[in-house]
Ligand SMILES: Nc1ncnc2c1ncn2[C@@H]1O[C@H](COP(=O)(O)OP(=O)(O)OP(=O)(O)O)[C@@H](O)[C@H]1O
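Here's a solo chain for you in structure tokens, the form predicted on its own.
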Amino acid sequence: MISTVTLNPAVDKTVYVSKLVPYDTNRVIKVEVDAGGKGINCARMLARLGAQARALAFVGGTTGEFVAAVLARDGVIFDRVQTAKPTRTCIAIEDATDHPPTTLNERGGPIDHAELVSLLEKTKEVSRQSSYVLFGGSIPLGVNDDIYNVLVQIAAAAGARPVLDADGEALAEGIKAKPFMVKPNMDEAERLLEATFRSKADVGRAAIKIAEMGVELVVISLGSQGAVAHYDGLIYDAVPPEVEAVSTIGSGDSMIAGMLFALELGQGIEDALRLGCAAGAATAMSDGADIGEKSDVDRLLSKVKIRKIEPARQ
């Protein structure tokens, strides 16, 4: 079983307008509502691929019930920690221009001490039953930035391989616990290393530096350009097929799902990257915050290109 832990899930509402005009009335064309959060997205894609997926998350209020209903619909085993505060709502406004969406994200929380203790205990239980546990996403109010450091240690002590997908101080603190895998995007990796990458060669060198922090598998996602990975002393350049991207929300989370499912099945790193890239591309083809379909993943799988670069050198 592969499990995910989401500290700050959300109800993602995508609002479509023809052209966003600030300080004026905007007519809405359509609205799409879905469950969101890195671990939530990853668990849903895992289930769609055929894995046994389990999600642990803080949820509260009617918005939390919506998240639970979406997970149930996708066949994800759900372990909740009920919170006094309702699950947050995040709004994305999409228009017909080529500009990125305008997003309005609630912070989430605050989480009280008893709720946090409950999640830590449930993480121990979930980790004992899991091959991999993904920890991902932002941190709600009431929770310290070192929480991923604590959670990674809990999962490893229970016999699971911890996976981390976070940003900023949360990522920097979590890496200190030496998770099995991390998957920052390029911006997140630049912030972590306080550097600017101008080429894929720069990204490869960055992956080596992150690996030297004690991470066995480093994957730096590059959007439509795929990903650069470091594993067992080698660099891999994974390039997905060109697709008509509708919304990239959840693509990175889907990439993690594909990779972890392949690894759990005993497949090698190249096959894992191939399934990860196909899953990420399939989600990019979906509307709003929806997750890609397995039929699209299967169709795209053979079109992913993997190039191995050896030896890995800085």
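Only a predicted model underlies this, so the values are computations on that prediction, with no experimental measurement involved. Counting begins at 1, following the sequence as shown.
The discussion below concerns the form predicted in complex with the named molecule, not included here.
Spell out, yes or no, whether the shortest heavy atom distance between Val59 and the named molecule in the predicted bound form is within 4.5 Å. No.
Is it the case that Asn185, even though its partner is missing from this view, gets within 4.5 Å of the named molecule in the predicted bound form, heavy atoms only? Close contact exists here: in the predicted bound form, Asn185 approaches the named molecule to within 4.5 Å, heavy atoms only.
May I ask you to state whether Ser224 is within 4.5 Å of the named molecule in the predicted bound form, using heavy atom distances? Yes, Ser224 lies within 4.5 Å of the named molecule in the predicted bound form.
With the partner left out of view, is Arg44 within 4.5 angstroms of the named molecule in the predicted bound form by any non-hydrogen atom? So Arg44 does not count as contacting the named molecule.
Considering the named molecule in the predicted bound form, which of Ala281, Ala53, Ala272, Val67 comes within 4.5 Å of it through any heavy atom? Exactly one listed residue reaches within 4.5 Å, namely Ala281.
Since exactly one of Gly168, Pro110, Gly75, Pro241 fits, which has a heavy atom within 4.5 Å of the named molecule in the predicted bound form? Exactly one residue meets the criterion: Pro241.
Among 193-201, 125-133, 214-222, 146-154, which stretch has residues whose heavy atoms lie within 4.5 Å of the named molecule in the predicted bound form? Looking at the other structure, the answer is 214-222.
Listed by sequence position, which residues of 224-260 have a non-hydrogen atom within 4.5 angstroms of the named molecule in the predicted bound form? Heavy-atom contacts within 4.5 Å come from Ser224, Gly226, Ala227, Pro240, Pro241, Val243, Ala245, Thr248, Ile249, Gly250, Ser251, Gly252, Asp253, Met255.
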